[in-house]
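Before any questions on how it binds or moves, here is one chain, the form predicted alone, in structure tokens.
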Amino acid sequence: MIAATGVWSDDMSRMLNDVGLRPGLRVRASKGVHLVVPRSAIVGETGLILRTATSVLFVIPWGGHWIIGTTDTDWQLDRSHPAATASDIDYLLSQVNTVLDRPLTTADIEGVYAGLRPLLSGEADSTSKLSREHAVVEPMLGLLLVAGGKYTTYRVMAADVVDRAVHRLGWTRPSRTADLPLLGADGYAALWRDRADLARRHGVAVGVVEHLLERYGNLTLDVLALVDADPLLGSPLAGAPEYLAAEVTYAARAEGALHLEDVLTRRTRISIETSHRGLESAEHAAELMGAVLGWDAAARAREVAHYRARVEAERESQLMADDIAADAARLGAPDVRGFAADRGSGLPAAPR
């Protein structure tokens, strides 16, 4: 068994401690907050990476937007829904404004998002000095734990822990991880080269094909097949015209999306790319998802209501001065999956 539990790794360690085992690693959660602003808000085409007194500041061009990040602060509250505070936002604005000709204000912000880094603990008191490396440990025969790391090293982490498991099983087959293309990557270059022809064959604009290729790679053909079967799915999504209705349908059919927030905050980036945070897209997206998942009118309304509550809770949390107040505000929105956060263990409690 392999346990890859991120910021919940210490919960695994505590369970092992209860049966007399010591995994030998600890993880601390570090909160990173990012701002999204339109490309028009900053004059320039080149990204920036700067040092601050407490973190690294980057300004990255991202489609029609810029991403500005990041903070690096200890987080000991709800790990399922880390909340950005007004202080986090003010910090990022104050830092980036030292290098911009036109200072940014909160009015420029389209979206805000926060995440947690699982940092290996014990090297320093400040999270900004903790290791970004990962570790693989085997606290008992048949159980491997992998902890630490970050998104950009996930394939290396996976290869290391799987190679360790394979070795334990007595196999000598070499790892193929470095040679396997990511989902959607195989044949991408040829599709991009022939994107004008692809657009012509499916009756969509070249810009639409470019957007899909950048989002889905060679799985773009599957999305376009939905449009071929139902031309209405080739229409823009309400409130987010750069996305096709087909992308919502595809998320429900092929990407495991079960709830409206899955599509608006995870399968797409609508919740952070639009100033309305996806609210103007919610009803249209619920109709599209409902057609796939069999939602009746009541289920669609319930999904929209849950999403609206989530957005309002996030907006309220971003007005709070500190983590405790922001955490309380964010948890004011019920979880659409019906789970309540268990503050003692950090694991989901039983459905209510």
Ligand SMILES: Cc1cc2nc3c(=O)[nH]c(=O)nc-3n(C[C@H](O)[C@H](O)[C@H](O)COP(=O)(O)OP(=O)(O)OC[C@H]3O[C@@H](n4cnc5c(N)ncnc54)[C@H](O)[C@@H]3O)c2cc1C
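Given the structure is predicted, the values throughout are model-derived calculations rather than measurements. Throughout, we count residues from 1 along the sequence that is shown.
FYI, the form predicted in complex with the ligand isn't displayed, but the following is about it.
Checklist line | Triplet Gly111, Ser271 and Leu331 all within 4.5 Å of the ligand in the model of the complex via a heavy atom | finding: Not a single residue of the candidate spot has a heavy atom within 4.5 Å of the ligand in the model of the complex.
Item checked: Partner-contacting position among His34, Arg302, Arg28, Arg308 - heavy atom within 4.5 Å of the ligand in the model of the complex -> If I apply the 4.5 Å criterion carefully, the residue I get is His34.
Check: Thinking of the ligand in the model of the complex, which stretch from 278-286, 234-242, 207-215, 152-160 has heavy atoms inside 4.5 Å of it?
Finding: Comparing against the ligand in the model of the complex, the contact stretch is 152-160.
Next item on the list: Indicate whether the ligand has at least one heavy atom within 4.5 Å of a heavy atom of Leu198 in the model of the complex.
Entry: Answer no; every heavy atom of Leu198 is more than 4.5 Å from the ligand in the model of the complex.
Check: For Gly115, is any heavy atom within 4.5 Å of the ligand in the model of the complex, or not?
Finding: Flag for Gly115 set to yes.
Next item on the list: Answer with yes or no whether Gln318 is in contact with the ligand in the model of the complex, where contact means some heavy atom within 4.5 Å.
Entry: Close contact is absent here: in the model of the complex, Gln318 is far from the ligand, nothing within 4.5 Å, heavy atoms only.
Next item on the list: Answer yes if any heavy atom of Ser55 is within 4.5 Å of a heavy atom of the ligand in the model of the complex; otherwise answer no.
Entry: Ser55: no, not in contact with the ligand in the model of the complex.
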